[in-house]
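Coming up is one lone chain in structure tokens, specifically the form predicted on its own.
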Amino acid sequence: MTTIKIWKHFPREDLYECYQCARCTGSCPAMQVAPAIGPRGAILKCLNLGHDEVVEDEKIWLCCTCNVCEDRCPQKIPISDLLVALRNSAARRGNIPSRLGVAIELLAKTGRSMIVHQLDEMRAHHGLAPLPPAPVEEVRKILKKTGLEEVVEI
């Protein structure tokens, strides 16, 4: 399993610019619907415990990368970039939520991340043509190139 240090991809010094105003967390939609780690929590945990502790926490996957945290941050810390780097590091370690693993497996097999039953009938009902076949081989090439093939059983 490949492990990368996120500090190659995210400037750790940026985290020290945070003065804990919590505007990021107060605006986070993920924090409003689930007990997510939150942008401020991710920064604090990285600073106090190191990124290895953060990537073990499944809550990092609750971020919807809407970038509201960055828009609200008076210090302009690229928090979404931090969370994406943390998730990439977690994925390389195999720390992917099972439901996401299932979606990736389905994507590899069908070219789509979810199956909608009677999709063609629903599209026809709305006057739409059936969807073209998904480019499964192209999707598999992308999964292989990104290394997801090694992380998730496909």
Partner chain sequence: MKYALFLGCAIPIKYPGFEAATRLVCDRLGIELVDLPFSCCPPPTSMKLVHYDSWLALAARNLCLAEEAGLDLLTLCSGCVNTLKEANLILKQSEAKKRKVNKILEEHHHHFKGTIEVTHILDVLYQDTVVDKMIKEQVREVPLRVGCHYGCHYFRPPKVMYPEELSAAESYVPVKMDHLLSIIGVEPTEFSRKFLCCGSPLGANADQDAGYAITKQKLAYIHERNIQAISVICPSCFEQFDMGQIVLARKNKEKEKIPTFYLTQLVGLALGLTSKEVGLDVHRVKSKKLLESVGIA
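Note that the structure is predicted; figures quoted are calculated from it, not measured. Each form is matched to the other, and the largest set of C-alpha atoms that superpose within 1.5 Å is called the rigid core. Positions refer to the first chain, counted from 1.
The form predicted together with its partner chain is left out here; the points below concern that form.
Asker: Would all three of N48, V54 and E153 be in contact with its partner chain in the model of the complex, where contact means some heavy atom lies within 4.5 Å?
Answerer: Judged in the model of the complex, none of N48, V54 and E153 sits within 4.5 Å of its partner chain.
Asker: If we define contact as a non-hydrogen atom of the residue within 4.5 angstroms of the partner, is V102 a contact of its partner chain in the model of the complex?
Answerer: No.
Asker: Please determine whether C63 contacts its partner chain in the model of the complex, using a 4.5 Å cut-off between heavy atoms.
Answerer: Within the cut-off, so yes.
Asker: Is L44 close enough to touch its partner chain in the model of the complex, meaning at least one heavy atom pair within 4.5 Å?
Answerer: No.
Asker: Do V139 and its partner chain share at least one heavy atom pair within 4.5 Å in the model of the complex?
Answerer: Residue-level check for V139: yes, a contact with its partner chain.
Asker: For a quick check, can you give me the residues of 130-154 that have a heavy atom within 4.5 Å of its partner chain in the model of the complex?
Answerer: Read in sequence order, the residues that approach its partner chain (within 4.5 Å, in the model of the complex) are L131, P135, E138, V139, K141, I142, L143, K145, T146, G147, L148, E150, V151.
Asker: After superposition on the rigid core, does the Cα atom of I142 shift by at least 2 Å between the shown form and the other one?
Answerer: Where the cores coincide, I142 still shows a C-alpha shift between the shown form and the other one that is 2 Å or more.
Asker: With both forms fitted on the core, give yes or no for whether the Cα of N67 moves by 2 angstroms or more between the shown form and the other one.
Answerer: N67 C-alpha, core-superposed: shift of less than 2 Å.
Asker: Is it true that C21 shifts between the shown form and the other one by 2 Å or more at the Cα, once the core is aligned?
Answerer: No, the C-alpha moves less than 2 Å.
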